[in-house]
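Given next, in structure tokens, is a single chain: the form predicted on its own.
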């Protein structure tokens, strides 16, 4: 049943997001062509207008994809549609899983899409060579600082931290919406208040954690070489624990305190 939920969720979200990706691809090609023509004088206005349209398409991908997956979670589970969704022969955690997986995929796809688009617009043989040289220098510097194994560990942990960071942000929004639906008549306001409150608590806890880690590891904590061995592992562990808590409380509220009125 989970696979059916995921398939349905991808279809529902793709109706809006795929046309946006197509628009971004078209604007990438147009902007690349216009920039290569190097209009002079008054015709330079064309370059400005096309570039503005391209920038707006990039912003649309980032903003709309983020807002859409949030509003879909709320509308699909917390509004009148929720009566249908929660009568399906599925567990509440399966509903969360399907939303979470699809939201994470679209978030990562948006990030990759924007990066490829920027590459498509601005990449030239000279810039690509300079970028390649820059990456080569940074990798050599990384190996000197961390060592070969330490640098490989650094890259792996960085990718893991980015992935879990996406998931953590999505789950924090989910638990905020779940808490917000407990406020009858003020669900949206309650969700905003819950998100702000959770974020404030996390900021305080994170600050205390940084201070504690600094005291425990003393000078080592302030050294760049401590990233793959101390800072990143602590950050990943913290992100996983907070994500599990967000997930657990979202599922608990859906099972025990669901309020669709």
Partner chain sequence: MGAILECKSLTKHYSALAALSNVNLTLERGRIIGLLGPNGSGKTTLIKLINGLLVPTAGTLLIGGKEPGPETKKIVSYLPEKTYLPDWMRVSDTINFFQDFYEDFDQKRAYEMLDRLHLDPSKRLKTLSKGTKEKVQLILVMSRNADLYCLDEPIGGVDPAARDYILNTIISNYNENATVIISTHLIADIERVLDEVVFIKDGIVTLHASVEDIRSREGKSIDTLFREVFRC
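Numbering follows the first chain given and starts at 1. Because the structure is predicted, anything quoted here is derived from the model rather than measured.
There is another form of the same protein, the form predicted together with its partner chain; it is not shown, and what comes next is about it.
Participant: Although the partner isn't part of this model, could you tell me whether residue 134 comes within 4.5 Å of its partner chain in the model of the complex, counting any heavy atom of the residue?
Facilitator: It does not: once its partner chain is placed as it appears in the model of the complex, residue 134 has no heavy atom within 4.5 Å of it.
Participant: Test of understanding: in the model of the complex, would residue 141 fall inside 4.5 Å of its partner chain by heavy atoms?
Facilitator: Residue 141 lies outside the contact set for its partner chain.
Participant: Using the partner position in the model of the complex, report whether residue 126 sits within 4.5 Å of its partner chain, counting heavy atoms only.
Facilitator: Residue-level check for residue 126: no, no contact with its partner chain.
Participant: Flag residue 12 as yes or no: does it have a non-hydrogen atom within 4.5 angstroms of any non-hydrogen atom of its partner chain in the model of the complex?
Facilitator: It does: once its partner chain is placed as it appears in the model of the complex, residue 12 has a heavy atom within 4.5 Å of it.
Participant: Work out which of the listed stretches, 158-166, 86-94, 99-107, 112-120, brings a heavy atom within 4.5 angstroms of its partner chain in the model of the complex.
Facilitator: Contact criterion met by 86-94 only.
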